[in-house]
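Shown below, as structure tokens, is a lone chain in the form predicted alone; questions about how it binds or moves come after it.
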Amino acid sequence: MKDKLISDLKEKKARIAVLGLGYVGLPLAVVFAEAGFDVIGIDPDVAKIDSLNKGISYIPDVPTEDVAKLVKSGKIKATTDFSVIKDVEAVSICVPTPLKKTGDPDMSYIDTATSDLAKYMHEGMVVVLESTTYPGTTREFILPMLTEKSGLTVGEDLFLSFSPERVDPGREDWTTINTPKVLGGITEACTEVACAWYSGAIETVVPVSSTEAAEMSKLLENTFRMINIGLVNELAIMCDRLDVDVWEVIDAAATKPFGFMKFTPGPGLGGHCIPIDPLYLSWKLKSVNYNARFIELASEINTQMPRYVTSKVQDALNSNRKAINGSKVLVLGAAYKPDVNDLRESPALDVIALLAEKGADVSYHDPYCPSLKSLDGVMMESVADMFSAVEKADCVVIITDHSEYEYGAVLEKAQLIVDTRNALGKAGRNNPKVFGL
């Protein structure tokens, strides 16, 4: 069974299904299809399915022309119908893994996807979970669901592995195809089959000894980033108290050619991975009576940054003898990072909510996010004329440093600016109407 499946995968005869067609699933489906596999994408979102079947991409990193070409050639199809799995040999699970309000992992998307997958399991299948989660998920959660009712034996007629997604929206240098893929299976045979599959489309595959090692590697990557961001965020607060320029300090430290990696402070953490993934690990460790102190402390610091930014806005307005209550505040940039339209966990949403809570008349501008839903459920529209809004605002808050913003003009026209990203550079840091972190 294993040899036959590996042969079919290497010869691109095996049919592929990708469950979940978001920021991870769609780019992966396209890479598999471009490598020569026949791919069926499955997602409950009818709008996504209709868009894909028309050859239209809804993910900025995936050009519509690429999708249109693959749809026209028949290499990619999309459906909401899970029953098509009975006709495929390889399945990637790429569904969301958010946190509940309590801070516990929300496994509902994985649960639903795996339950639907289990209904159509058959001999000679390889399944790879890509959704970031806590160590042990693949073995303790996915494996029983796929084997108990099907009667399949892992490592013999079912091959199950974990491969952490490493998507960084907006990047052009490291994409799905050339970012190394870590793969760890339940058994050696599982790893072997999964590597045979992924190496047919991904440039570099990195096998590890188990699903737990693969799961933990992803959490290490994002915990490393989360803790270092927490460190520089606290450094920014300390430098503010000491009246030292944090950006100058970081730039100076970054001249060291060894033993230092540059991280920069900001208004908080955003995106689906860094604010969430380390907390999966912290939650898991509580089950073995261990307190992940670094993670908890970094999370506390990072979570408080939007409130710290709000206090800086209040200080800036006070310097102009204005109260935050009733002042017009314009937020520049709503996406969680520059030059993308991704609002997931964006600190801008928290800053907007906190400013409104204090009575500010808040508006925002973002060329990539024409509308957003505030944390209290209110829909907001990006202002049509950014520079008019800049001139009218009592304070402008730069949250996301999109590259297309003309920061020199913003500096000239704004009455007050709180620059959380050092977007204005030295010109802003030497200007009395600019307040940094």
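Only a predicted model underlies this, so the values are computations on that prediction, with no experimental measurement involved. Rigid core: the largest C-alpha set superposing within 1.5 Å between the two forms. In case it trips you up, residue 1 is the first one in the sequence shown, and so on.
Form predicted in complex with a small molecule: not shown, discussed below.
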Check your understanding: So which of K358, K312, K328, K337 gets a non-hydrogen atom within 4.5 Å of the small molecule in the model of the complex?
Key -> K337
Check your understanding: Just one of R225, K284, K322, K75 has a heavy atom within 4.5 angstroms of the small molecule in the model of the complex, so which one?
Key -> R225
Point to revise | Contact test in the model of the complex: G268 vs the small molecule, heavy atoms, 4.5 Å | key: yes
Point to revise | is_contact(R171, the small molecule) in the model of the complex, heavy atom dist at most 4.5 Å | key: yes
Exercise for review: Check whether T264 has any heavy atom within 4.5 Å of a heavy atom of the small molecule in the model of the complex, and answer yes or no.
Suggested key: yes
Review point. Looking in the model of the complex, any heavy atom of R139 within 4.5 Å of the small molecule?
Key: no
Study note, to complete from the structure: Only one of 349-357, 98-106, 292-300, 214-222 sits within 4.5 Å of the small molecule in the model of the complex by heavy atom distance, namely 214-222
Check your understanding: Comparing between this form and the one not shown on the rigid core: C-alpha of A201 shifted by 2 Å or more?
Key -> no
Review point. Does the C-alpha of G170 move 2 Å or more between this form and the one not shown once the rigid core is lined up?
Key: no
Review point. Does L26 count as moved between this form and the one not shown, where moved means a C-alpha shift of 2 angstroms or more after fitting the rigid core?
Key: no
